[in-house]
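The chain below stands alone and is given in structure tokens; this is the form predicted on its own.
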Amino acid sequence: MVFSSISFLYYFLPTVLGLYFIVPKKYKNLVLLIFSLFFYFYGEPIYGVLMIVSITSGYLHGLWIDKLRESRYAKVPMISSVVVGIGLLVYFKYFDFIIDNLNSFFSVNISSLNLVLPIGISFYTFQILSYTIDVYQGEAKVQKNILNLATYVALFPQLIAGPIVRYTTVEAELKERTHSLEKVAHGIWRFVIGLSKKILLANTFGELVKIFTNTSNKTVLFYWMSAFAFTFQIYFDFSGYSDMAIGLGKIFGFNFLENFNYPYISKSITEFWRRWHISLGTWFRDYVYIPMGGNRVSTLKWIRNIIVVWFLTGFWHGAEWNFIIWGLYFAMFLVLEKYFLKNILIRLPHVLGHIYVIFFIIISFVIFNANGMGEVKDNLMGMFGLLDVRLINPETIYYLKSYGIVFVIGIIASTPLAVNIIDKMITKEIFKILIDILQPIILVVLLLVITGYLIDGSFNPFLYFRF
């Protein structure tokens, strides 16, 4: 089940909300857990068992760690939890990739398992590991109520596409959280904004990318239009899902941390990664980068740490070489910016800094979105006029005109411009009253438009489901 569906919006969500707010406080987590399991089993009836096994493993490892806390063997259950969690992730997500590469490199013929990737396994595995590692490090108390831990892992707002919610973020709220009309109203607004970003923007840009992929009449300009479109699609798709997750969490009394902070306004690649997929970046920082020494090591070891972290970041996104290259691509820029480009970027006019970031981010998503390195090569060559294609043709001009306004909206919506304007307006009482009146009207209109799109349209993928 996906958030951007009629079944979720008009059947599942009203039902869970109605029951959640009717039942006594002590049963609220149970209601969330039951509906979250249904939400996952609806789309993954077989691999739902795998998620339950992972939750049980995390729960038992947490108890084991707590039992041996004062023992010299306390690290054993923590290591065991990592081995089990990463082991399941490697088996289901990377095993066929490993086999294919062994076959290719050593000219052998090992049969692939052809496993279907369980939806959300990368997200819930990292959440369980954050729990067991934090319990070992004393950052979190062991959770002795398995229903509470299962609710944390399976919580449907963030289960299948993040953000990666750390256990310490919601530890207190699993036991005691507050609800109010103000929180519900804020959560609904945030959810609808995220849903709008997904349906009205991400899906529209995705249609253009699909058109480009299917056409045989490509041009240099069309290569660039498709690259720009995917850059917007993945941002509005994933940040929209994060908005929806944060909004739903707010309705149920949880305060999830922000996952995106207008990354396309960055003036360096380093800044971009402080603003993009924040929950993943902080996870790797706290559980991989810092334990390896972080930046408190020699230059060579720091470069090693960066390479390892970004190799893993790329590999986390998918079992393909282009994802690994994508991660190492960013590792290269982080090293270059620290030792060679930092002073240059500081002195650059802000406009040039933004152009530098957007140019190399677009190139990165060309690598990210390709089906194999052969397609990466073809797309980059097409963008820079190294293929036998025209610079422009009537078909490209047609699509440029058709999607021009969407690109303009995408540019504006990927910046804090609208939010800044509203923040300034509400400082004056008259505008604050006007916004309070208009907000519910806008919300209803957006829901009606979105519903129309969902009823009429069929192109509705979630990009991060494949991770």
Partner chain sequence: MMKNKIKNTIIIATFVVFIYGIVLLKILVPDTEISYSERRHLLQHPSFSSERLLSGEYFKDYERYALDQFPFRDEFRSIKAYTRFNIFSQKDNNSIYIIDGNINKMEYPLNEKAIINAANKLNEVYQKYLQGMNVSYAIIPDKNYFLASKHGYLSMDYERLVKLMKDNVNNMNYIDIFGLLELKDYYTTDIHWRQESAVDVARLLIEKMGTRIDTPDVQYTQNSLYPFYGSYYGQAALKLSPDTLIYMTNEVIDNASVYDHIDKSYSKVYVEDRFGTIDSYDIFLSGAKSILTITNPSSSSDKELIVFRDSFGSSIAPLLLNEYAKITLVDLRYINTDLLGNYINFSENQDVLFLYNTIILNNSYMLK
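In this text, all values refer to a predicted model and were calculated from it rather than measured experimentally. Residue numbers count along the first chain shown, from 1.
Quick note: we don't show the form predicted in complex with the partner chain, though the next part is all about it.
At the 4.5 Å threshold, heavy atoms of Glu182 reach the partner chain in the model of the complex. By the criterion of a heavy atom within 4.5 Å, Ile188 is counted among the residues contacting the partner chain in the model of the complex. At least one heavy atom of Asn217 is located within 4.5 Å of the partner chain in the model of the complex. In the model of the complex, the partner chain sits within 4.5 Å of a heavy atom of Val449. The stretch in contact with the partner chain in the model of the complex, judged by heavy atoms within 4.5 Å, is 398-406, chosen from 59-67, 412-420, 398-406, 28-36.
By the 4.5 Å heavy atom rule, the three marked residues Asn109, Tyr289 and Phe315 all fail to count as contacting the partner chain in the model of the complex. The partner is absent here; in the model of the complex, the one residue of Pro349, Gly374, Gly138, Pro394 having a heavy atom within 4.5 Å of the partner chain is Pro394.
The contact with the partner chain in the model of the complex, taken as any heavy atom within 4.5 Å, belongs to Val192 out of Ala227, Leu341, Ile324, Val192. Of all the residues from 416-448, those having a non-hydrogen atom no more than 4.5 Å from the partner chain in the model of the complex are Glu429, Lys432, Asp436, Gln439, Pro440, Leu443, Val444, Leu447, Leu448.
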